[in-house]
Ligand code: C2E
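For reference, the chain that follows is the form predicted on its own, supplied as structure tokens.
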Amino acid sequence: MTVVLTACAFNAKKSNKPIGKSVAILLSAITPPIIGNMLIIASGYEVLSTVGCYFYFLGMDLSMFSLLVFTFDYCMIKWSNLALKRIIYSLLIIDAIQIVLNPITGHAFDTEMIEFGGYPYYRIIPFGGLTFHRILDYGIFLAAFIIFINKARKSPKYYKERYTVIIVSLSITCLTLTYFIFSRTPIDRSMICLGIFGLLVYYFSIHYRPLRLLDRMLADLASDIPDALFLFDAYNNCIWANTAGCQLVNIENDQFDKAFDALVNLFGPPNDDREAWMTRRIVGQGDTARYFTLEWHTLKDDADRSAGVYMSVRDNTAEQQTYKQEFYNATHDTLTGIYTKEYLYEIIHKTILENQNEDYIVVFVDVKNFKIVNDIFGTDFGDYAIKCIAAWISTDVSDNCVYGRLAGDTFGICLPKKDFDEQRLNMQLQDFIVVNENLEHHILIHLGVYEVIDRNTEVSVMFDRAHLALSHIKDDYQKHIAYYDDEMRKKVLWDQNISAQLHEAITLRQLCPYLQPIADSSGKVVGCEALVRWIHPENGFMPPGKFIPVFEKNGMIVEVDKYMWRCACEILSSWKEKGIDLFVSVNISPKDFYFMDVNAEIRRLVKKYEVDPAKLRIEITESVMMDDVDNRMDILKQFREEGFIVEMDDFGSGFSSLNMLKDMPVDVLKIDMNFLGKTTDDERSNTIVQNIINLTHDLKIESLTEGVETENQYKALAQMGCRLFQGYYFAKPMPIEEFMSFYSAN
């Protein structure tokens, strides 16, 4: 027993379990009283037997100390009363001391020799000190026993097993010790029970696996799992199913034999004879459909033979419904319920690639002046109108069409070319009226049509081209459908081509300023306007109408304007050195204000080239003031405060010139002769021009008439009081060298 306990203590200490140290200490502490008891029984000599008694009593103190430590560790309890812990340990130390002092004082015990079975045996005679020793050890033993009882009572039933064995072994050991103490039986065999208790402690703490506990826990766990679980033997007989499994196939707990057939009826036969597989099944249709994931796994024994299978069935219906709802929300427009732009593009791309034998067209649907509808009738009516348009598209197109909402008031459709009925659509769009309660409004809808030629073209590009087709309609209220054609395609390619060449053209100075003279009333050249021209290496001389509208549209006009401002400053700097006193007018596009700080950029150039600000005139159109009026007014005021001359170009060509003129900080008003060019009433035209010139005098603004083409126009305007003139009568725009020659001759 001693050898076995020692080996177990060694193994317990080497184990990785946290309780291993406590077990090793307990087993080591049990060894001394067993050795002492062995000496008492085996020795026939008084001295050796007495030594055994000391081993026995001191070993019991050590055992009780170790038992208490083990009890707290095994029951996972922390000392809450440290004072009590110190008292118990102190009492054990005092008891050990008083036992050790017994040879001197003789207060604890003595021995007497008796004969048993023909052999001498020295029995213990207890005194007061031994009584104290026994009361202390029994008290600690009882405390440990109570702790185990209390822990077992409070633990779940599945955990009682680990405590019950310890409690029973403690009880047997205690009763055995008590019996041998009070019966004074010559041969004390109670240490055998103490050794067995130590071995049980070692086994249950270090090696024991509570299989029964695990079985119950796994069974309860499997029963509570939402997945349906089935266990089959090697012959496909169901031997167990959890609660979810029984509910799935509608059987009771004692009807497992019906499970296999019920599963086959529900999902069909197993896939094949593979050891493991997974598949998905749909039971039912439409909104009542249920979605399941089935898994089948083979169980093997130690000889790698099939011992059965287990099957799990997961109901994914809720997940699928959530996924479908999330997918619907992500791919469908919130207001109209039709496809979003991104998903529409994806579906169209897939459709035209999968149906190579079908010719398709894409249609860009645009609601004209929809902002006015919202402003007049309110956003609620506007939203209702959008839903009505979406409903019209949904009901009017064929089953082979896909459609969606591209943006606020635009929609996209892709349909087979043979299904597009232009005549029918024109009739429907001729009188498209939205009625909502007491509100009624005629909605003007235009359709841009693009025929899909290259199926690999990006869908967004297809719709861009369909949208571009609407430029043919413009404000024609009788025309609703326009087609993208080769001319538009050529224009798109042209726009892309020259846009790609702009940077190089600026770097190589293919873009160059042409100067158109500005003369005073005496015909003397006093300045010029810098106008951009492109000397293209392949296309030759390109007038601004070939590229300026392109750059205005894509925003690259900003780079052109910055380049022209720089050229103007270079020209003025050169003239300054030559003593030439002329001004240069430069144009500012409305988009310049969006992409840069116009005032800061021009001031930087003026400072760099040391140019007099008054010689670089800032020319704007009234369209510059259409947006962010207050900010633009402040910028123009800054220009004037810094010495620049501000000119307002194309006066009379817009609708708000007079209204804005009263507040606009300008120095020169440029009157466009084209404003009066097509009139049949010369007298009324002259009256208007005269009054505009008079208005400039009253406002202390200088007038400049552009577009002067004849001597009669020049003389008439001079007589009316106009001070500056520009037009082909004097000269057309020309390169710098020609302008200088013209200026010298003039």
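The numbering used is simple: start at 1 and walk along the sequence shown. Predicted model, so just to flag it, every value in this text is computed and none were measured.
Just so you know, the form predicted in complex with the ligand exists too; it's not on screen, but the next bit is about it.
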| query | finding |
| --- | --- |
| Option from 247-255, 554-562, 116-124, 317-325 whose residues, in the model of the complex, bring a heavy atom within 4.5 Å of the ligand | 554-562 |
| Check all three, Pro33, Gly59 and Gly139, heavy atom within 4.5 Å of the ligand in the model of the complex | no |
| The ligand contact at Glu46 in the model of the complex, heavy atom, 4.5 Å | no |
| Non-hydrogen atom contact Gly308 with the ligand in the model of the complex at 4.5 angstroms | no |
| Exercise: Glu529 in contact with the ligand in the model of the complex, heavy atom 4.5 Å | yes |
| Heavy atom of Asp409 within 4.5 Å of the ligand in the model of the complex | no |
| Heavy atom within 4.5 Å of the ligand in the model of the complex - residue from Gln98, Gln501, Thr176, Gln516 | Gln516 |
| The unique member of Leu199, Cys75, Ile445, Ile548 whose heavy atoms fall within 4.5 Å of the ligand in the model of the complex | Ile548 |
| Neighbours of the ligand in the model of the complex among 589-603 [non-hydrogen atom within 4.5 angstroms] | Ser589 |
